[in-house]
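One chain comes next, on its own, written out as structure tokens in the form predicted on its own.
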């Protein structure tokens, strides 16, 4: 992996794949929901949409990508917004032109804002009001974080009214503050050598000026105290129980240990959660868990969809019982099986330029760029004792935040 920084502060990471016929240009902006004001949430997600509405010299972004035989997409979370373009190698410079043009001068106008506000508001309503567990992340974050925390709202925003009433001045100020070279990471992967990557990155991004000085940002990660179970009604036809714990950020070694423990506990149909609670006891139709790893946060989610007649309390007790049993009885063979599955996944990722580019950018944002080349080694060095100790430390019964869902009755 190669790395250099342009004079304007844009960080560039590069890896060449001689067997690829494609090039991926990935641009990560260090702005997510945690950078928003509590009165203007959902802006990072709105901008993910606005970035496809055209720029100073490109009226239709998607049309140019399709004409170059490529594809593109983006995603936003609480900590960053990521864009990528995949093109045949012969059209690499087209990707540089397109991505640099919307960094240089996005076409923010009343019409494009109105259209994208409508799209985002409709997405909010569909996802949050018309789908089972649509407001799960609203509820989870309110359980995990204090109201003043930068992490207390989901990426989609607290409510759609804050997006609906956003002004053109609000949006332009957000763009000028966060969408500039010194707040971005460019990663390149595929059929492009280092010399060409340096030349094109300098040609297309080197003269883009920063619109304002980048002010160092700090984030409030204060967690909320453990409270009585939060009870919610939902469109799901079945009752459900969610247990949530705050955990360290990805930079902490305990995060990887918890991730592996989650795979042991509930990562497959042969895992203890599914085998015990779904197959053997039949008290749940689904039982799973996962560890969310972030730049400045982390949390562990354990949940079950309850069978008819099973109470929330019984579901909670069953999930905790299997959790505790797994901490005690997990064997080296269980961990080895999980590691083999994840190592195979890493091998497949290494033949995907898109996966390589996104991971380079992510680890750079984590300020651990060396981890890109150390993933397999880091995975191999996690022991069963590491997993058990991390689970015992962070997944205690008295520190679980509880969420009880019941079917909504009109």
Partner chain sequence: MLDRSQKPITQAVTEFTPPSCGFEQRNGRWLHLGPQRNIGLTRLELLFPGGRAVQNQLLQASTCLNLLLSGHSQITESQLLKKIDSWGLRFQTEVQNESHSLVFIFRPEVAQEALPFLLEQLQLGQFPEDRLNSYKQIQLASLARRQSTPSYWANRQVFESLYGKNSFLGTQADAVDFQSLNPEPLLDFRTQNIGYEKARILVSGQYDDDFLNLVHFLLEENIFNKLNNNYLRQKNTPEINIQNPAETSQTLPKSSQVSLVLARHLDNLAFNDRIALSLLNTVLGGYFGSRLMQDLRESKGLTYGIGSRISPALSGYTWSISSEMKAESKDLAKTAIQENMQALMKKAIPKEELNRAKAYFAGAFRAQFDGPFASAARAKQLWVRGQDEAELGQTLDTLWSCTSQTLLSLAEQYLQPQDYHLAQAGAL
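Positions refer to the first chain, counted from 1. All of these numbers come straight from a predicted model, not from anything done at the bench.
The same protein also has a form predicted in complex with its partner chain, omitted here; what follows describes it.
- The putative spot formed by 113, 309 and 398 is not touched by its partner chain in the model of the complex; no residue has a non-hydrogen atom within 4.5 angstroms of it.
- Just one listed stretch, out of 135 to 143, 323 to 331, 203 to 211, 221 to 229, contacts its partner chain in the model of the complex at the 4.5 Å heavy atom level, and that stretch is 203 to 211.
- A heavy atom within 4.5 Å of its partner chain in the model of the complex is found for one listed residue only; from 125, 172, 217, 199, this is 125.
- Taking a 4.5 Å heavy atom cutoff to its partner chain in the model of the complex, the contact residue among 97, 179, 245, 290 is 97.
- Heavy atoms of residue 3 never reach within 4.5 Å of its partner chain in the model of the complex, leaving it off the interface.
- In the model of the complex, residue 63 approaches its partner chain with a heavy atom inside 4.5 Å.
- Proximity of residue 32 to its partner chain in the model of the complex: non-hydrogen atoms within 4.5 Å are absent; the residue sits far from the partner.
- In the model of the complex, at least one heavy atom of residue 70 sits within 4.5 Å of its partner chain.
- Although its partner chain is not shown here, in the model of the complex the stretch 71 to 99 places heavy atoms of 71, 88, 89, 90, 91, 93, 94, 97 within 4.5 Å of it, in sequence order.
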